[in-house]
Every structure is written in C-alpha cells, then in structure tokens.
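Take a look at this single chain in structure tokens; it is the form predicted on its own.
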Amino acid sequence: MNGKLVQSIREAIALSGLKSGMSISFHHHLRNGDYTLNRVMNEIAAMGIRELTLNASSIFDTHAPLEEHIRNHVVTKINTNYMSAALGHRISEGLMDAPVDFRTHGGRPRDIALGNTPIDVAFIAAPTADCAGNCSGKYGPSACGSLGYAFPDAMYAKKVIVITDNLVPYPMKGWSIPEIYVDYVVEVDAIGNPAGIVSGTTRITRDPVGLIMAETAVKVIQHSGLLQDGFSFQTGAGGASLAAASFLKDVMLRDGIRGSFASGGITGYLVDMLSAGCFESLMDVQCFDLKAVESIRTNPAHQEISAMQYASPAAASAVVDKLDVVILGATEVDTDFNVNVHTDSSGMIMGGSGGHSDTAAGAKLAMIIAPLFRARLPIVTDHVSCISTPGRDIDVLVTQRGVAVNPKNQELMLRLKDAGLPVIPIDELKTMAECITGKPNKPVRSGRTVANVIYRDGTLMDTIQSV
C-alpha cells in the first residue's frame, strides 16, 4: 500500500520518467499562495531537464521565478488560461521564442481529454492525501477548497504525482481525486499559503462608481425576465461584480425568489446567498476565499465540480450551458461588443479568459460591468487590442453612464427601455468617454506574435503581439 509514497519531489520526478522535451502540468487552486510550482521547477532545473512544455491552469505573480527557467530553456512552451502581469509583461516584451497558448477554463480540459495537449507528468498540490494518492483540497492546514481544475490533469496525464503537506492514514475520508489516477505521493513541509487564495480583486467595492454599476446590473437582471424561481447565476470576483451579487441577494430575499444554483469560482458572498436560501446549491470549480473553503468542507449543498463539468465543450453537458445570467468584467470592449481581458491599455499581458468566454457562450444573459473609463483611458474602443470573448456572446454592457445592449438582443433592449433604464448605443458610450478622456493612441506593436488566444472549441480567436 505504501509503494507510491516516496521521500522527495526529486525522487518522484525521477521515477515518473520525466525527460527533456516532455510536458508537465500544475493547477492553480492555491492561487498567489502556491509554493508547489516553483518548488518543482527548481528541482527539475537542478536535474538538468530542459525544453519542457508547461501546462498550468493559471499563472500568478508568485510564479515570477518562471522567468529564469524560461531564460535557461528549462521551459520553452507555456499553455495556460490566465497569466498575471509579473510574468505576462516579460512575455509581452518577447521573453519566449514560442508563443504562449491561452485557452479557457473549458477549453483546457477539452484539449487535454482530446489529446491535443498531452501531459506527461502532472503535479497536484493536495492539501490532504493518503499514501495511495486519494486527495482533497477541503481539509488540512493548506486547505484551498475545490480541486476542480486538477481533475483533467489527474485523469489524462501519463504519470501523476500528488504533493501534500497533510498525509493522513489510508483511506482518507471525503477524497476528491481517487487513488486510481495517482502514481506517486510526496509529503513536504508546505504546499502553499492558503491566505494567498484571496487577492485584492476578491473584495466588494466601496467606490461610488462601482456601486452605481452594480445597482444598474441588478436592475438589468430584474427586467430581463430571467429572475424567477430556478434562476441560475455566476459572477466574477471583481469588486463591482461582488457588489452586484450583494444587491441581487437583497432583491431575491425581498421577492421570495429561490434560485437553482450559483457556479464558478465561489466567494463568501455567494456562500452567504446559499445560506440565506437564495440558491439550492453552489457548483464550485474553485474557491476564491477562505469562507468558501469552509463552506465546501461543511455544507453538502456546496458541491465540488471538475473543470470538465464546469465548462468543457467536449463534455456531454456542462454547467455553463445551464446558466441564466453571468456578470463579467473587461479591460476593453469594442463597438461590436468584443471583449478583451488578456491585456492592459498598453497591450501588456496581465490576465486571460479563464471562464470568461465559456460562461458568455453558455449563459442566456452575458453582462459586462465596466466603468466608462479607467485612469483617463476609455473602456469602449473601435477595436479591442485582443479579442478574448467574441461580441456575438455578449448581451449587454453596463457602465456608470448608461447601458448598451447588443443589437442582436432586441427583446432585452425593449424590456430595459420600457423599464426606464438608460439604454444608450455603444458607439455613443464610446463618444461620451472620449469627450472626457480624449482619444488615446493604440500601443505600438512589433508584429511578432507572443501569444495565441484559443477559443473554447480549439479555434484561434486572436493573437497578441509583442510591445
């Protein structure tokens, strides 16, 4: 029974047969508190293994040491769904020879399952595990909650290494990923700091502009015709989106509306809505704060789901396809309702689609909340620098100065006008913003592709050029 348990990460890597030119993978449930990716990469580099493809569900600022591994050709290709600015800016400046491939949270498990992005060795940071590899993120000192993004790695990688800082007797209770997928288990002192799960974006806004947008967003939901018993909902972790969830809770309680589920990355605000009776269930692929971690550990109505069940278009069915409303953010929106969440105003990589385009494609009402301008730069533009989510999947843009409805959704436009909401054509919002900020210059591009933006079905959506 103890045959899988090895003494060190280096021993597990050696036993896995990892060689130069292969592919390795990591999940991001510990977010900015993750220690495991850097620790494994340092061991791999010390072993002289080079030219690896790194398939990480997301990359955060804590993973900035990857820059050195790229410079030393330990990593020569990256597949990911999100990349924060620490490494993203270096990629934008031309750090890598091969472009990064950005996928979505649904597209990544799709391509892993179909064999388009094979994984030779998966490294799973598990807050609790037993000696056979049964593991969970719900328990232990490093508990992070759901391990949803690690499921496809465990199921399809040729070799799977579970790394834990809380080894418990076999069989552990309440496992998420079963031993049948796991080849080796390593116990270490710490896989990460769960306090790093929370970031500055996962707190409700106090900004008056954000609160105005949140109130307007809830009015859009109210008058869309979708807010009734059985309602399903997802929101992002941005401050205005979380404020909208708080306002929506008040409306649902006041009107006695009981929804079916809320989904996606789960925050304490959605936990509060579940506890208050607004929803029957939470469908959780990732916990965004420690209140959500506690909830998924103790409340059977708070359910863990895999990335495949959450959003994969290759699955027989997925949660995103049952969504009524999703609230999303944007760095840019153009007059065709295309949305950019990959780059900032200078064209530097600082994000990624995550579940953005998955939920927009699946939901009946896909709503963008964004201010008319940020740092004196207009949000609405003629053409976004990068298409992360196509305009065909977006229904409405909510700003503090008005609401723009995609002309494809005439019924929604009429409903909102009849309700007295400030419905304004999107090109007028653009003009309004530019009258305040002026028309900015677009960033200069070198013409060299540093990243490919791959839509959830595997097709190329756009490319990102070096700055």
Partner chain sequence: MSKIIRRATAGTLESSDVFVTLEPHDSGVEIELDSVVRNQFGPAILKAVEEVLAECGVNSAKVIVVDRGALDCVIRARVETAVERGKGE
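Numbering follows the first chain given and starts at 1. Take the two forms, find the largest set of C-alpha atoms that superpose within 1.5 Å, and that set is the rigid core. The structure presented is a predicted model; accordingly, all values stated were derived computationally and were not measured.
Just so it is clear, the following notes concern the form predicted together with its partner chain, a form of the same protein that is not shown.
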Check your understanding: Would Ser345 sit within 4.5 Å of its partner chain in the model of the complex, counting heavy atoms only?
Key -> yes
Check your understanding: Using 4.5 Å between non-hydrogen atoms, is Thr431 touching its partner chain in the model of the complex?
Key -> no
Review point. Ala375: heavy atom within 4.5 Å of its partner chain in the model of the complex?
Key: yes
Practice item. Give a yes/no on whether Thr437 approaches its partner chain to within 4.5 Å in the model of the complex, heavy atoms considered. Key: yes
Study note, to complete from the structure: Within 4.5 Å of its partner chain in the model of the complex, heavy atom basis, the matching stretch of 29-37, 62-70, 437-445, 49-57 is 437-445
Check your understanding: Relative to the superposed rigid core, does the CA atom of Ala14 travel 2 Å or more between the shown form and the other one?
Key -> no
